Each structure stands twice: as structure tokens, then as C-alpha cells.
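Here you get one chain, nothing else, as C-alpha cells; it is the form predicted on its own.
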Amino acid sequence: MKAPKLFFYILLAGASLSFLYPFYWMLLATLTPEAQIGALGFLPAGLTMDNYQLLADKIPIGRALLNSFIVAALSTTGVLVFGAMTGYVLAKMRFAGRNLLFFIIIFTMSMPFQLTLIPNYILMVELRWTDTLAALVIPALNSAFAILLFRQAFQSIPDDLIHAARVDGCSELRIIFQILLPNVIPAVITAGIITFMNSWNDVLWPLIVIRNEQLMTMPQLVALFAVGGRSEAQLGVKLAAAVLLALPIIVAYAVFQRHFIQSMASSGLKG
């Protein structure tokens, strides 16, 4: 191996280790007794699950995990369904105002979430959806990013495939979900991961519309636990909550990483 290439790989390995070490230390600290965290080095002095047990005793962490999975799964499913339908219309159907509608959707991506926070909350109150999971799921079903991603992906599919499906008697919905989506799996996975991640990590909106502890999501409960005094300044317990919060996203990205990168490098960036 040539010296420049060897140096390049060493540099990449060093950068990777510097990025991964904080996560390794965080995981190690959750398995270390509280009194020994301050002196924690690269290797553990002793392993224990006390921090996770203490976390489960202090807050309903299991219920919060379930709520987060329900909300994230329903939001992701809805975004994939409605995003694929809207993307198909914008990519393959011809009608007056199509481009204007697309530009309006793109414009909404530049609007900060805080701009619509108060109107959305008033709407939730009027519909009596506060303190229900519907307040977390239904507002999240519209994703301009997913619409853009599916539109770009569908534009790369030849129109002849759609015409042949129509000749065979396929409905538009069948064309979308049985013919087109299997051909844009990277786009589906990318939209799914990003939507799941955004829903899973959302804190501000749940803090506004959910007050019942049994309905709180994982990020919301962890935030209240860390800053509300219930953690009693125990670093190991706080880090245990952070590990449980980050683990599903890390696993999902690790499993679907190849498709994610493929989509962002191709269908998601085509004009």
C-alpha cells in the first residue's frame, strides 16, 4: 500500500475514533457505578445495571418508549403513504398549476416550525386532541421533504411503465404502491428514516400538547427528567436515559445506511 493512501486511512481511522469515543464513553458510564464515573477511563472498572434499574424506578420509561414507537411508526407510515401519492401526482400527472403547487410545497420547507406553533396548538385545542397521541401523529403526516423526495424518485421512472400498467387495468393507487414504490426503495427508506428520526426526537411539540405522564414520549419524558430535578443530579441515570433515547435511531441508520446514502446521492438530488 502506498504511503499517501496509508496516511489517508490512518487519518480516517483517527477521525472515526474521535467521533465514536464520546458515544463509547457514554455507554460505558451507564454501566459504571455512580461513584466511579468521574474516574472512568477507556476500560470499565466494574459493570452494573443499577443506572438503568434506577431510571425505570423513577419514571415510566417503558411506557414512554412504547408511546414514542407508536407515534413514530404511525407518523412514518402516514408520511410514506401521503408523500408517495402527492409525489406521484406532481411527477407524472399534467394539470394546470402543478409547478406552482410544487413551488409552494418547497417554500413551506423554509418556514420555521415555530411560525405555525401557536395556530397548530389552537387547532388541537379546538379539536380536543390535547393530551392524546392524535395531537402528535396527525400534524406530522404532511412532509414537504418526503413529497420532494418521492417526486424526484418517480421522475426517474419511465412513463412507459405507467402506461403499460394502465393498459393492464391497474388503478392509480395500485401503480403507486405495487409498481413504483418497489422501484424506489432507497427513497422509501430515506424518507422513512428521516421521518422516524424527526418524530422520535421531537421535544417541543409534545411538551406543548401532552401533559399526562402516561402519554409522554421518550424525548419529552427524558427532558423533563433531566432538567426537572427527578434525576437528583445523578450523571449515570441521565446518560442511561440518553442511551435508550438514541439507540433506536442508531440501529435504524446502521441497518439501512447503504440505501440511505444511495438515495441521497441519486434520486433525492435529481432535478
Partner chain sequence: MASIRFEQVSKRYGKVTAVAQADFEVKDKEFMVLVGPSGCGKSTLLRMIAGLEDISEGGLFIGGERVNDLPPKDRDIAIVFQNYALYPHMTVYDNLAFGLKIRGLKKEAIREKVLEAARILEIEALLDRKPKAMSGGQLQRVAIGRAIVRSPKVFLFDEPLSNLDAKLRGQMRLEIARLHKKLQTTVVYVTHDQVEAMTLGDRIAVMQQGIIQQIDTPQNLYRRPANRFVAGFIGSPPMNFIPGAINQSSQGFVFEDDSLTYAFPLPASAAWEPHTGRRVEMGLRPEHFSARPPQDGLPYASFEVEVQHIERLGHESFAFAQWGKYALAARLSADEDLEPPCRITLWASLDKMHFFDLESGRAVG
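Since the model is a prediction, treat every value here as computed from it, not as a measurement. Positions refer to the first chain, counted from 1.
We do not show the form predicted in complex with the partner chain, though everything after this point is about it.
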### Task
Could you work out which of S156, N99, Q178, T108 is the residue within 4.5 angstroms of the partner chain in the predicted bound form, going by heavy atoms?
Q178
## Note on the structure
As a check of understanding, the residue in L161, I118, L127, L173 with any heavy atom within 4.5 Å of the partner chain in the predicted bound form should be identified as L161
#### Entry: Stretch in contact in the predicted bound form with the partner chain, which is absent here, among 182-190, 145-153, 84-92, 118-126 (heavy atoms within 4.5 Å)
182-190
### Message
Please tell me whether any heavy atom belonging to A165 falls inside 4.5 Å of a heavy atom of the partner chain, as the geometry stands in the predicted bound form.
### Response
yes
### Query
Applying a 4.5 Å heavy atom distance criterion, does P112 contact the partner chain in the predicted bound form?
no
